[in-house]
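Below sits a lone chain in structure tokens, taken as the form predicted on its own.
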């Protein structure tokens, strides 16, 4: 709540629950105070059949959730012997002295189902709420420890099977995300508007998630025919958006590029100036990248462009380091030096200073040289902060590579501003 920690549980748990046919209806973040915990849990139980609480199960003074929930539900705490033994074994296996206070984690509310923790000491707890107290029908409360390395395997291996037993009708949920690059959210919606009414009548829910340089199209359906509805919608959306779709669900552009390069037996090399090695960083984050990524150069200074990539001094003096000619020379020099099949090169002005009327801050030239083909150069304008500029430029470079590997039409850039008279 102080903004010092990123809450990754919300996204991770929502994805797991949706995939299990139990989409989450509401998320709430609260501070570690007794009143906040009681109020949030009580309100949640009046709204939903299942409430999931993360954190507050450890041995420190700010771990209040266990006691507050027990008090809210009118349940006394008792020591669970199996949990105590697990805690003692945890410390013994590591040769560490066990502080007496950690045994408070073995105190569980009466009637709770203990969810084992194979990676820590605080167990999870699945607790039934008194029938009728918070609303019609049964209510369940699932309490999970805060550390992700404990929560995630506990949920997948222990908690989710328990939830499936108690919510056997949770099924018929389908969600597919189509990922696009290089187009805007308004343009995407404009393309899809004509085909949506009949799909929505079939039960489709469609959503858009726009990020800088990308737009995701989310297709969701529930019910017995959910798979057919989403498949039909996917086909219709692909017909409209075509080459702009680069992947589905969790696909990243760099992972798609590495996969295509591997299939093509390609040899990739990268020459970067304004992105400072970011394109290479993204590519080498992908497992298996070593099969196709030869290496690269980070030629920030003009002298490095000349000495390492063979960029002619005339190119720099006549056109400047941020120019189509320089990007082309960088790509050609990298392709030649590495004897690669594909070479990417980027040079631009990240800002916040250094721009001119002809080349404003945010200008970037991206070049792609491929063996046996004419070197392609595109100019883009990314008027963002430095970090966002680098990310978007890397997207543009990777998209150029993807299209080249697939034999698709190249991306369109922008025209250079006319020079002042």
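These numbers come from a predicted model, not from an experiment. Numbering follows the first chain given and starts at 1.
One more form of this protein should be noted, the form predicted together with another copy of the chain, which is absent from this view; the next part is about it.
Figure note: of the listed segments 383 to 391, 367 to 375, 354 to 362, 64 to 72, the one touching another copy of the chain in the predicted complex, with heavy atoms no more than 4.5 Å away, is 383 to 391. For a residue to qualify, one of its non-hydrogen atoms must sit within 4.5 Å of another copy of the chain in the predicted complex; none of 130, 158 and 235 qualifies.
Put simply, residue 93 is close to another copy of the chain in the predicted complex: some heavy atom of it is within 4.5 Å.
In the predicted complex, another copy of the chain sits beyond 4.5 Å of every heavy atom of residue 318. Within 4.5 Å of any heavy atom of another copy of the chain in the predicted complex lies no heavy atom of residue 121. For the chain shown alone, residue 242 is not a contact residue for another copy of the chain in the predicted complex, no non-hydrogen atom being within 4.5 angstroms. This chain is displayed alone, yet in the predicted complex one of 191, 262, 86, 284 has a heavy atom within 4.5 Å of another copy of the chain; that residue is 284. Of the listed positions (313, 76, 307, 227), a single one reaches within 4.5 angstroms of another copy of the chain by any non-hydrogen atom in the predicted complex, namely 307. Using a 4.5 Å cut-off on any heavy atom, none of the residues of 154 to 168 reaches another copy of the chain in the predicted complex.
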